[in-house]
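Next comes just one chain, in structure tokens: the form predicted on its own.
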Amino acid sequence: MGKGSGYGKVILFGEHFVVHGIPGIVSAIDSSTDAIVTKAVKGQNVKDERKTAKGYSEEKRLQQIESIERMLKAMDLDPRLPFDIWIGGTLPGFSGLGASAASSVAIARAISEELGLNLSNEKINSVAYEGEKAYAGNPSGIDNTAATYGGVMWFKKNPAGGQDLVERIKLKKPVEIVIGSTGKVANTKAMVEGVAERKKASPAKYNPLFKQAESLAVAGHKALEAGDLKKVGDLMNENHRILQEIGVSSKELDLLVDIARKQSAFGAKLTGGGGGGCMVALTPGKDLQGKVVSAFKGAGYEYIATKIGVVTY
């Protein structure tokens, strides 16, 4: 029996833009997906017991099968190798939390342990990246990197396919956040492809927005290291506006962002692929976090009260 875990994540700056080589900032959260893998006689039998948004498991089922096959190939194993795979943990299956990447990392670690492969974190990360291609088509790598290593990171994809730039960002202490879920399952692959198509069709509109996104990420990096959380929140608000302009927000996401800001959240924005899924509010301190939680609860939305800057593997 092999066991493994992978962190969930929120993107503070740069989703969608990171796919195109613009830097972004990601933080793992203190919720994880766990996996248990045992060798089987026949077939790959997946039992997914995560709490999920309605329709999430069904929507992702074929992608999950492809993901496991891709990861086995990346481990130089037969993609039809029979396993019993259990998936659970504290991270719910909500779009935008890196749930697919967390499960890929957890399964890769569990397979490694079950077969005695002793794969390094670096190898686990690259295997999970291959698994992510089933869910995102052209993933940036930011989700699986956060799921593998935890912590807060500055991330820049190498468009040429070489080594990505990954640097740790040290927070003075973990910071409370609230994640709000729209309850809608998002198709990450379709959202990523849509942005790429619109960017190609309208470079005069999109190129300046991508430059703005890069400037926000750079400023966010400085503000996080300085502990200027008010500034971080302002920059997150601006990042959400740009994400609206590139067409990846939704009325539900905008509503949750508005609710959080009205409760004095320092900043709020969608996180992940958009088009549904989740948003994140920066809510330093238990009192502010509690206010936003109460507002989400009162409006009938599911939420996660958690922290960024958590421990790392």
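Residues carry their position along the shown sequence, with the first being 1. Just so we're clear, the structure is a prediction, and the values are computed from it rather than from any experiment.
Quick note: we don't show the form predicted in complex with a small molecule, though the next part is all about it.
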- the small molecule in the predicted complex: contacting segment from 166 to 174, 233 to 241, 185 to 193, 199 to 207, heavy atom within 4.5 Å: 185 to 193
- Item | Non-hydrogen atom within 4.5 angstroms of the small molecule in the predicted complex for each of G6, G89 and V310 | no
- Item | Option touching the small molecule, based on a heavy atom within 4.5 Å in the predicted complex, out of A106, I142, M71, V178 | I142
- Query: Is G267 close enough to the small molecule in the predicted complex to count, meaning some heavy atom within 4.5 Å?
  - Reply: no
- Is V292 close enough to touch the small molecule in the predicted complex, meaning at least one heavy atom pair within 4.5 Å? no
- Query: According to a 4.5 angstroms non-hydrogen atom cut-off, is L224 in contact with the small molecule in the predicted complex?
  - Reply: no
- Item | Touches the small molecule in the predicted complex: I22 (any heavy atom, 4.5 Å) | no
